[in-house]
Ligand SMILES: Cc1ncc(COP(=O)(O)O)c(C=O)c1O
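The chain below stands alone and is given in structure tokens; this is the form predicted alone.
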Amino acid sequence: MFPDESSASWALHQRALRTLPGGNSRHTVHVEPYPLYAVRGEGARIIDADGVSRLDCINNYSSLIHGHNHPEIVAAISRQAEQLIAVSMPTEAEVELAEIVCDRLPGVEQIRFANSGTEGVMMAIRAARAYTGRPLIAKIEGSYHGSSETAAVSSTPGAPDWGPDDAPCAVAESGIGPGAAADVLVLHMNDVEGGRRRLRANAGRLAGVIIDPLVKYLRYQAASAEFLEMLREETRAAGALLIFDEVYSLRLGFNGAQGAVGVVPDLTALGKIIGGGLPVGALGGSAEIMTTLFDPRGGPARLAHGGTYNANPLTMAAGAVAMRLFDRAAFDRLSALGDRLRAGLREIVSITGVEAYVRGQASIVGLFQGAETGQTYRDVMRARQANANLAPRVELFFRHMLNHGVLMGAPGFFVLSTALTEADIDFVLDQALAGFRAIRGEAA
């Protein structure tokens, strides 16, 4: 049972603390009082250092669209590793993955690969500035777009630094210089008229607007059709670029989030599932924009883009197989599993009477305890402050799930893979029901 100071994971954590600050290299995987250490994955399951097998319902925060060690992906990596691991030349594998992604996404006619979603977003922001000759990037308050300086502004601001409700301030996160915040315009999610007003007031300096159509930090609050249409209209009117961050939300539609919402962006940042489980990032867009900025034929490109491991052959080979496997039938089946989990969780909330709500789309599911919040980051933060007493309940539920065979994101996140079955989803629901009954002090 977790926690257990006699476990192998506890021992590994004590060892890790000597050489890694806090014991690991990703804050998102830290769990109090120590994280569980993985040793192998098998389809929908992850096995920890103590040999405990759990259903993996977070899938490396979305990157494992087919779960662990899909045999076709493993075979592709193995074949590629026997031929070429890294090289300072392009490869056919890069062309193949580019063709698949460009065929799939309406707003991506050409693409360049990198090594992380952070890099994809960073290059999208630089591209918007280089293409327009303007400095200002607009983003949604509380939205996470990776750790590059501009992208990280106002990802997690707090009162009173965030400014008035009708004119949110750009807040530099720890370690970011004030110059980065000076070139960021902050909008509230789904505030159509407020956003329109701020964009028009800054149209002359506006290079682009970046948005994730389903924001994790806002408890999977989806961008409304009206808000997205406003952003598309105002960026066109200003001569600025609309950027979709689909690093996480590519799962929302077979043709990406942009296909699902019917809005075509100028630039798209990608990562996670397009790499088949290996490190990947990408920037895609219209042929006109991408060629103008990145084509080096005839002289130096307008926007330099290098990187020792960009389009690494192993990643390209794994990504091509993963994306081919994620065909229309696979997307529909996986989305149906998401529907099944969301419907079941809502029924559990109703049965038990525990105050909670369920959000998400396609294969992304959120179960959040407390009263449902409004649509903005400030709504979420004010609700969290007002319901600080719920934190032990959230932790109790997470530990219950962990100790009953389900790995999920601690705040209530589930991101599914094609390796899961309907029986697996029903198992998760059984454990969630028992967990909520435990919260209420009922017999499991």
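Fair warning: this is a prediction, and the values are worked out from it, not measured in the lab. All residue numbers are counted from 1 along the displayed sequence.
There is also a form predicted in complex with the named molecule; it is not shown, and the following applies to it.
Although the partner is absent from this view, K216 contacts the named molecule in the model of the complex, with a non-hydrogen atom inside 4.5 angstroms.
Taking non-hydrogen atoms only, G146 approaches the named molecule to within 4.5 angstroms in the model of the complex. Contact between D266 and the named molecule in the model of the complex is not found at the 4.5 Å heavy atom cutoff. In the model of the complex, V247 approaches the named molecule with a heavy atom inside 4.5 Å. Think of it this way: in the model of the complex, the named molecule has a heavy atom of just one of N190, T132, S155, T118 within 4.5 Å, and the residue is T118.
Contact with the named molecule, judged by heavy atoms within 4.5 Å in the model of the complex, is confined among 251 to 259, 106 to 114, 333 to 341, 137 to 145 to 137 to 145. Counting a residue when any of its non-hydrogen atoms is within 4.5 Å of the named molecule in the model of the complex, the one hit in 260 to 277 is K272.
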